[in-house]
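Starting off, we have a lone chain in the form predicted alone, written out as structure tokens.
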């Protein structure tokens, strides 16, 4: 699914979706043939509702309860993510933290801090609440408060990978697949394959050997603006596994290599951009600002010439400049 922000929605692209999602602007991308320009966005956790049935409730104290429930449709989540309980009988959503699944029953478990205001009686009553139904909104990704702490180096792994020569060969095969992949290729616009191979090689060498050879941002900042859900990260890892197997790496070497990439999943996976973080400071780069040109240039949007001394709008991260005709459509954030 994709969300339509602007432009006429093709009827064929939305008719198979529930009315609630149609009303929220959602379409099926594989059925969407636009007749006019459209503005699209990824699906938002705010719009995702899952019907659930309560199976068990435990109350460790009078302010906290642990819910065990079944989702009527498949619910993908990562332990630690937040969600909201919704029900027609109460107005305000109630926050919950998804804990995981019970191994014996496969029930989803979540912690709820009982609010001070009105809430469902079954959260506080001692009577059993088996069979109560509610909607779950989300889950919402949680931005880590701190960057991932890198794993200790494993120099023997680098030696086993032929002093890095096997790493280089795997990366060359891997990025050939990435640049040919419709899902991953857009993440590498405006960067050459040779450059990204070199950066990733240096990053892996520093991670595995401990040698300070990498010059660049840590994964959290270098990917801060990219919307990368777990499904995209998993797809990336599958292509990497294919490249590693094609070069004859053993399962043991693949597992040791993968640890250095998987550790950064919390710094990369997200459903909306993060601000760039420098120490404790957040720097918002996904916005437009204004400046007066010192030299003439051309508009990055319509290619018209812009004279020196002209006030223009520019994208802070990309540096793309908009002329006076294009500037009105460039938002401040």
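These numbers were taken from a predicted model, which means no experiment stands behind them. Residue numbers count along the first chain shown, from 1.
Separately, the form predicted together with a small molecule exists; it is not shown, and the next lines address it.
Taking the partner from the other structure, the small molecule in the predicted complex has a heavy atom within 4.5 Å of a heavy atom of residue 268.
The small molecule in the predicted complex comes within 4.5 Å of a heavy atom belonging to residue 264.
By the criterion of a heavy atom within 4.5 Å, residue 158 is excluded from the residues contacting the small molecule in the predicted complex. Proximity of residue 191 to the small molecule in the predicted complex falls within the 4.5 Å heavy atom cutoff.
By the 4.5 Å heavy atom rule, the three marked residues 69, 91 and 130 all fail to count as contacting the small molecule in the predicted complex. Residue 232 is the only one of 169, 123, 239, 232 with a heavy atom lying within 4.5 Å of the small molecule in the predicted complex.
Checked against the small molecule in the predicted complex, the residues 111, 222, 81, 84 give one hit for a heavy atom within 4.5 Å, which is 222. Only one listed stretch (241-249, 147-155, 102-110, 214-222) carries heavy atoms within 4.5 Å of the small molecule in the predicted complex, and that stretch is 214-222.
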